[in-house]
Ligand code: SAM
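As a starting point, one isolated chain is supplied in structure tokens, in the form predicted alone.
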Amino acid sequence: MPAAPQESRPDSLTLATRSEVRHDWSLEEIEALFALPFNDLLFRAQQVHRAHFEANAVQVSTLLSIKTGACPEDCKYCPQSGHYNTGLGKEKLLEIEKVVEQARAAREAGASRFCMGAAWKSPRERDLEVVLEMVRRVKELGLETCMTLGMVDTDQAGRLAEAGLDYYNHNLDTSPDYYGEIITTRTYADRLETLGNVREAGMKVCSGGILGMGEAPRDRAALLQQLVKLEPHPESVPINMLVKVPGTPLENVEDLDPIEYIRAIAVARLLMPKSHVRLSAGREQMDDSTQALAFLAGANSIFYGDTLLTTGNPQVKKDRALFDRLGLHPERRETCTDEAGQQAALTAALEANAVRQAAAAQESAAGRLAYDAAQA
């Protein structure tokens, strides 16, 4: 008669991922998670996910490009870069009323967060004034607001926070070691500085990366290590799959194995248990089974709509059908267990920022915070 199976005892790594928010993960620890048997990795990730979020709720966002094309950056993946001929035309900053109209439509389609993206290295003063009004108007619709405008300094970040911006998106893209293979027009330190300015202003951080750009597995682990070093962790972590756009230097890069992509989702969930992990760019190329695995691995946020900035995104009807098949539903803002604490922290940070803004205004009057328009 076979012996009765013994109950396995969780190791220290398992206990840590269930009960602690850590910022000191070593690269070797993260690589060990990536190396777990696939079923074991997803099981752990699902346990952590359920400890912090409603199991079948997915946060739904809509992303609108408010200014498209002619970006001075040379990001090798980006069709908006002015360095490459991708057939994408240059468009001016959208009018405020058009943005509000799109935000209202997104709300009616079920979105709870409205994200706005502009192809800039950094916003110019005349454009920032328009952007601030966009934030105010979208907030009036009852939507969470998010923007990605490139690099922002402390003054710009403070003004965005004062206007009511909830989230600022600024991705790290890849590991520090591989970064130079993808971008040369801004440094990794520049990106980290912008994230620091955003956090200091009291806004929430949306930051992740892109997989499938020819990076090694160790680079994927190192990217996640950089994200977990941020204190606190980013509230939203988009894990993008490269969309290979003709005309960009990465148009012929080898496809990433979807299983490796799912592993990255699961490891991100384990490392950042209270963050929303977003199934983001590249979703149009994924079949329903891959997306289902991503949700099982801990992804609980998507972009909803037909277009993701300048690339395709699954159509709204298709997304609704997939949600129905999987028993998923849009997350209500109160379903995140730590939302109240985050809101309290945000309020305190904004109050502190008001003091900083008064000092910044005095410095600006003295000409010490003049904006360098040549960098735009």
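Position 1 is the first residue in the sequence shown; the rest follow in order. Keep in mind it's a predicted model, so treat the numbers as computed, not measured.
Below, we refer to the form predicted in complex with the ligand, which is not included among the displayed structures.
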Option from 221-229, 251-259, 118-126, 268-276 whose residues, in the model of the complex, bring a heavy atom within 4.5 Å of the ligand | 118-126
Contact residue in the model of the complex, chosen from Leu165, Ile210, Met134, Ala294 - any heavy atom within 4.5 Å of the ligand | Ile210
Which of Ala103, Ala201, Ala281, Ala299 has a heavy atom within 4.5 Å of the ligand in the model of the complex?
-> Ala281
Any chance Val243 has a heavy atom within 4.5 Å of the ligand in the model of the complex?
-> yes
Does the ligand come within 4.5 Å of any heavy atom of Phe114 in the model of the complex?
-> no
Tyr304: touches the ligand in the model of the complex, heavy atom cutoff 4.5 angstroms = no
Closest heavy atom of Glu144 to the ligand in the model of the complex, within 4.5 Å or not?
-> no
Go through 157-172 residue by residue and record those having a heavy atom within 4.5 Å of the ligand in the model of the complex; state none if no residue qualifies.
-> Asn169, His170, Asn171
